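Encoded as structure tokens, the following chain is the form predicted on its own, with no partner shown.
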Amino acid sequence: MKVLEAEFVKGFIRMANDGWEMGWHERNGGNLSYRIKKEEIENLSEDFTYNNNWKPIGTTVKSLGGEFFLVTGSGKFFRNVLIKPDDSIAIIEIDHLGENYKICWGLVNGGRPTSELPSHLMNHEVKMIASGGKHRVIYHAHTTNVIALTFVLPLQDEVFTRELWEMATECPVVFPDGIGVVPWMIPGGRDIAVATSELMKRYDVAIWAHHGMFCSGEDFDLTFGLMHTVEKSAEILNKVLAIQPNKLQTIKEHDFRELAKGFNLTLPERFLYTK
């Protein structure tokens, strides 16, 4: 099978284009990666170009040794993934030490995987372990409304979670574990990767202050839907704050407890106390 005929590649391309259509990927902003299943790789190996040009990841992800990933390219535009996929994305293999990668397919006109590769792989490792192997997608986008909130809300997990939960009833259902917040850090390096991976041990969503959002999920639909839900909630909150900073009514602590019972959820108590 040719790479571009594979269902997971089609899903990856669709998700990248959906993010572009949402306005989350100006210029070359944002990145996406998918941990490929063993059977998916076996079907595509004849279309790969193997070489021994291993390059350092910039961190060590030993649990991902031997895994393959589909990733967006550094400096590539999400708006071009749909029309020039073999130039915009790549399949990479991780060596058995989890320290190096090599390109097996894609980026035909040169380039390298996303500059956020250390963050992606460190978080893939964390979420793979935490989810028992179920999580396969990591997505970073420059979500406008979430970024705006990082200028006006305290950069605290409890504040962002509670404020966004209050904006729509479905929010605590979609992200019941809450949201983590990373203070501003230089993107692309190991420090922000470590800070994010610590948060992702507890959450599926991390907000990067003044930068965007980082989400993990089992598949493309769930991961995109998670980011979409958080960003839509942030949009509602921005509108509420613009109209009336002091909310006249909202979802209360006891309401969240009733919601948790109704949907058989466990909502962390630290997010339920009235601010």
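Bear in mind that the values here come from a model prediction, so they are computed numbers and not experimental data. All residue numbers are counted from 1 along the displayed sequence.
Heads up, the form predicted in complex with 1,3-dihydroxyacetonephosphate (13P) isn't pictured, but that's what we're talking about next.
For this session: Considering 1,3-dihydroxyacetonephosphate (13P) in the model of the complex, find the one stretch among 69-77, 198-206, 103-111, 170-178 with heavy atoms no farther than 4.5 Å from it.
Result: That would be stretch 69-77.
Exercise. Would Thr59 count as a contact of 1,3-dihydroxyacetonephosphate (13P) in the model of the complex, using a 4.5 angstroms cut-off between non-hydrogen atoms?
Worked result: No - in the model of the complex, heavy atoms of Thr59 and 1,3-dihydroxyacetonephosphate (13P) never come within 4.5 Å of each other.
Exercise. Using 4.5 Å between non-hydrogen atoms, is His211 touching 1,3-dihydroxyacetonephosphate (13P) in the model of the complex?
Worked result: Yes, contact at 4.5 Å.
Exercise. Heavy atoms within 4.5 Å of 1,3-dihydroxyacetonephosphate (13P) in the model of the complex: does Asn28 have any?
Worked result: Judged by the heavy-atom cut-off of 4.5 Å, Asn28 is in contact with 1,3-dihydroxyacetonephosphate (13P) in the model of the complex.
Exercise. With the cut-off set at 4.5 Å between non-hydrogen atoms, does Ser115 touch 1,3-dihydroxyacetonephosphate (13P) in the model of the complex?
Worked result: Yes, contact at 4.5 Å.
Problem set entry | in the model of the complex, residues of 127-154 near 1,3-dihydroxyacetonephosphate (13P) [heavy atom within 4.5 Å] | If the 4.5 Å heavy-atom criterion is applied to 1,3-dihydroxyacetonephosphate (13P) in the model of the complex, 127-154 yields His140, His142.
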